[in-house]
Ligand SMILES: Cc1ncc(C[n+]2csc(CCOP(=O)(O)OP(=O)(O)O)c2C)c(N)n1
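Take a look at this single chain, the form predicted alone, given in structure tokens.
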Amino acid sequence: MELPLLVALREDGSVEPAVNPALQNQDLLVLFRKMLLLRALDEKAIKLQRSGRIGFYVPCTGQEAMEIGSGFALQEGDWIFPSYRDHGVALLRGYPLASLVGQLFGNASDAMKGRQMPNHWCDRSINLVSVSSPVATQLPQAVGAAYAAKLRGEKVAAIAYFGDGGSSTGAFHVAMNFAGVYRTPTVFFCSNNQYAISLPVSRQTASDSIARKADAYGFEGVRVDGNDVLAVTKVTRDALARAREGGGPTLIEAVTYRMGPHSTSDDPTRYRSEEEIAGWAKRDPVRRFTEYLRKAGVVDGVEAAKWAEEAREEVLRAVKECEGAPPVPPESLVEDVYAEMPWHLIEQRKWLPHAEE
């Protein structure tokens, strides 16, 4: 039997009790405002890249609900192994917007000193492990971190984010198998946005769903409406709690849609139709959650518009602050490799222009 798709937000504006995370109004507003911020960041970052002010960007328009909902379910101490489209999780967990924007510019405002591609960020203070370019390499790493936490007796979980394309990699199967055998506290979070760049999910697998693959490894797979922030919060929170309490791993498949390009290097008009995009646009997660909050009396139209504008202004302030930063100093080329810089790098640093003696 096909796995059911778990949905909280019904079309009539009510909430399915079994999938209701029962959040207070202040929590609903946190979700809402972070979704607005993520949408505003996407809009601005794409314009920055198109105007030549940054080199590259990976948008997540259409996937805000699964980003913010899953991030909200995490607790302090949990480990986060993101892919390059998961900056919403980072923002929700406390990664500063200015740090994320600075990393896009790769100048002195970037904590990583321009050594990583844009959209490859990390933050040790919140257990946010660095994004990697290779697809799904973070999955075995997340299982390793979860296994270490289990051996130490720590009540934490590790969540690993990946796309539907990542389920076609060897790393996916290795990670799933180890997690199942050793019952590691791992949540595998698959963002099934229907395309691995240009390849549709129907060409990825013959299974009726990606979540179904958990059966082969001896643990639970769950399908959730990835455009429903309440359902994502509930499903992810339950999976993380089960992992922390020794219940083993879970594979979550969040069914969603990437409204924009795979990256700013991609042209999605070459492989999908306007009709398909228009159909999914009716399920826009930001608009869907806005309508729910209005019907529930949590926000009104004036407040929603005001907060959307505030989100755009917050992004603009971060861009202004980071874009005005100077370039990374040349001497950083030979820094941060050794705890104590060896003699040959000290000599090489002297050869760099403007380097300090």
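All values reported here derive from a predicted model rather than from experimental measurement. When you see a residue number, it is the position in the sequence shown, counting from 1.
There is another form of this protein, the form predicted together with the ligand, and it is not shown here; the text below is about that form.
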Output flag, Arg85, Ser133 and Tyr195 jointly within 4.5 Å of the ligand in the predicted complex, heavy atom basis: yes
Partner-facing stretch of 233 to 241, 92 to 100, 161 to 169, 141 to 149, counted where any non-hydrogen atom is within 4.5 angstroms of the ligand in the predicted complex: 161 to 169
4.5 Å heavy atom contact, Lys213 and the ligand in the predicted complex: no
Residues within 4.5 Å of the ligand in the predicted complex, restricted to 250 to 266 and counted by heavy atom: His262
